[in-house]
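Before any questions on how it binds or moves, here is one chain, the form predicted alone, in structure tokens.
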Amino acid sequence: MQLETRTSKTLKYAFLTLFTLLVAFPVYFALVSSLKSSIDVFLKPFRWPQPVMWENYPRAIAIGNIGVCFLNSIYITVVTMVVSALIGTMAGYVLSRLPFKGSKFWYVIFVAGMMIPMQSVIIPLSFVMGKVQVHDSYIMLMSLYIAFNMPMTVFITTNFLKGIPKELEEAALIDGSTRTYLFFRIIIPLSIPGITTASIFNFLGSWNNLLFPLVFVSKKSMQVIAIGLQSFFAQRISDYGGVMAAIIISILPPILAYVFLQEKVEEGMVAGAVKG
């Protein structure tokens, strides 16, 4: 029995080590390539750069317009993430804690939204936006992001909120608390793991979205990081060191967001799976 347990642990650690190496290798390759000249990227693809070319990063920011695109993406993504979390948690609270006639139907409608791909609605959206003459608008772009974030947010927060004891609400209401005070001062703090989990998914989806900015945003000053990378590849294909530097800049926020929020994300995922 002990031998089987040790063998299973060894296989588990070996698998996790192999998986970690497979995930980390592309990041390592992009990082070392971002500090090399274009020639060394091909001649010495896996070696640490000698000399280290830090100037690739300022060049990527200046020439590829990555700096402006990065700030635009941060603004759009953060606002989208906050608004999605707030509205989605409100909807999840109503569906999970305040059941009404048809609440299950509306929950299914929300969840069904996860099965609708963005590509399937791009033509109707383009037609509507053209009719109302709305383009090059951050509000419009963030509204689209929020709409597509709602299904996942409602799904996660609803399942998480079901696990919060109802006695807490009853005690607060008996003490004279209003529903608004109860929601913002009790429910939201207790729901942080679930909200964080949903927010990470929303952050990644908004940050990496290429389709909506490509169709609905034409001004260069309003471009996001996904469009900036695309234009960088098209215009400076020979500057591979600069391209890799731009890629590192673009993947840094999602990596940092997950590293700092990893515990909350795992807690929210486990809690939602058990309580849902």
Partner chain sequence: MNKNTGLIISFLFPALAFYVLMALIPIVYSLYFAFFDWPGIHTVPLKFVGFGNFVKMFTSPRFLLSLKNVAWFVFLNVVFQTLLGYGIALLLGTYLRGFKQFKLLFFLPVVLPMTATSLLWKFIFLPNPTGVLNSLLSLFGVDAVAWLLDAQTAMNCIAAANIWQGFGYHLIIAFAAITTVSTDMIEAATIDGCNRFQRVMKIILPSIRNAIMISIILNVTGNLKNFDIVFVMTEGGPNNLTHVPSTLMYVEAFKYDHYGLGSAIAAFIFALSLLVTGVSTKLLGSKENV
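Positions refer to the first chain, counted from 1. For the two forms, the rigid core is made up of the largest set of C-alpha atoms that agree within 1.5 Å on superposition. Since the structure is predicted, the reported quantities are computational estimates derived from the model, not experimental observations.
Same protein, other form: the form predicted together with the partner chain, not shown, and the subject of what follows.
Residue-level contacts in the predicted complex: of Pro165, Pro189, Pro99, Gly176, one residue has a heavy atom within 4.5 Å of the partner chain, and it is Pro99. Contact with the partner chain in the predicted complex, judged by any heavy atom within 4.5 Å, is made by just one of Ile76, Leu144, Ala85, Leu161: Leu144. Taking the partner from elsewhere, Ser250 is found to have a heavy atom lying within 4.5 Å of the partner chain in the predicted complex.
Under a 4.5 angstroms non-hydrogen atom cutoff, the partner chain in the predicted complex lacks Phe155 among its neighbouring residues. Although the partner is absent here, Pro193 sits far enough away that none of its heavy atoms falls within 4.5 Å of the partner chain in the predicted complex.
By the criterion of a heavy atom within 4.5 Å, Val68 is excluded from the residues contacting the partner chain in the predicted complex.
Taking a 4.5 Å heavy atom cutoff to the partner chain in the predicted complex, the contacting residues in 20-39 are Thr20, Leu22, Val23, Ala24, Phe25, Pro26, Val27, Phe29, Ala30. After superposing the rigid core, the C-alpha of Lys220 moves by less than 2 Å between the shown form and the other one. Once the rigid core is used as the reference frame, the Cα position of Leu252 differs between the shown form and the other one by less than 2 Å.
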